[in-house]
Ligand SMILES: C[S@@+](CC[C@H](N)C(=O)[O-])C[C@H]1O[C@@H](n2cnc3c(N)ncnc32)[C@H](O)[C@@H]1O
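Just the one chain here, laid out as structure tokens, in the form predicted on its own.
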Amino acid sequence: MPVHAFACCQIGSEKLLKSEVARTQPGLRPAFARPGLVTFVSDQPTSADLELDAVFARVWGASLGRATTVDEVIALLSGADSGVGSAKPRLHVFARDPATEGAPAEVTRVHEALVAAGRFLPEPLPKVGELVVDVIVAPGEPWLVGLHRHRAGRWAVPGGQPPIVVPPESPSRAFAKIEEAIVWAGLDVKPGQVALEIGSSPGGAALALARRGVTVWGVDPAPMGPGVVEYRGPSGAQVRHLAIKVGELAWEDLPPRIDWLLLDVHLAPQVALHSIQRFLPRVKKGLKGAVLTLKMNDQQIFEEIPALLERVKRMGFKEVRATHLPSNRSEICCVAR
């Protein structure tokens, strides 16, 4: 069976990805799948310009075929219908399952062999409009070779797997979530800015931002982790904890300027969005953007994602995008600007 397209996702999210593509791209039909990878066939030709716009697709593009050697990869790229001409593309080699034993070593081996062939640009980070060759590896399996064109809103790092290192002093994985969101969306987070975080305990995201020089006002009745409130970062950044529920937050409690709004609460997404809607008019004027973590606790909520994103737009945001970050579990990240 020919394979015309591929998409990589969080392991365990394959069914959600297939369901999403069936709704948004009915011309693509699922072919074979592996953990973290779904392939599709189509009655129409696919190309590097394929756009899925699927929340659960981390990397996607046209599938060129399978390979086990560098020469076979080059042969696939030299095909008349690959779309790769004389201009050198970028190269992204990444593991289908980064947690598999031997996967990092396999990625390094394959990457070094392909770079030595001299057919790719030396730096992996693409500019908008450049072609990217995706080589997806798994120990003991042939490589899947794909092709996509980079555009704004897509991961620029191989496999959508940014090398975020969570420091031991971070009290939660929220540190990784906000760092991944910044990389994915290209957020212009700078020292001296101010963030308001609804649902800040135990303080992983607040600590990450403070380390970047952003002062964070965290709203959460639960306590912050050890050392978070005491931390002092660049430009005097610190974390100010308001130990109250979001429903008790008054306008006079807010800082005079807010650059970034963060939301990460254990509430249904409709309720979570309602909790911030009442004070958005006060903060929206100088707001650079919002990073909203929306909990996906059942199948019905997954099906309501388009309606949830439309609701965020109606709050006054012009650009709203969502993705399933590497550190997300039963939740998605929505970035609104």
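Treat the numbers as computed from the prediction; the structure is a model and nothing was measured. In this text, residue numbers run from 1 along the sequence as written.
We do not show the form predicted in complex with this ligand, though everything after this point is about it.
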property: Listed range touching this ligand, judged in the predicted complex by heavy atoms within 4.5 Å, from 113 to 121, 96 to 104, 156 to 164, 259 to 267; result: 259 to 267
property: This ligand contact in the predicted complex: D134, any heavy atom under 4.5 Å; result: no
property: In the predicted complex, A205 touching this ligand (heavy atom, 4.5 Å); result: yes
property: Any non-hydrogen atom of G227 within 4.5 angstroms of this ligand in the predicted complex; result: no
property: Exercise: S172 in contact with this ligand in the predicted complex, heavy atom 4.5 Å; result: yes
property: Listed residue that, although this ligand is not shown, lies within 4.5 Å of it in the predicted complex (heavy atoms), from A222, L125, A250, A152; result: A222
property: K190, K245, R109, R232 - the one with a heavy atom within 4.5 Å of this ligand in the predicted complex; result: K245
property: Residues of 273 to 304 having any heavy atom within 4.5 Å of this ligand in the predicted complex, listed in sequence order; result: K295
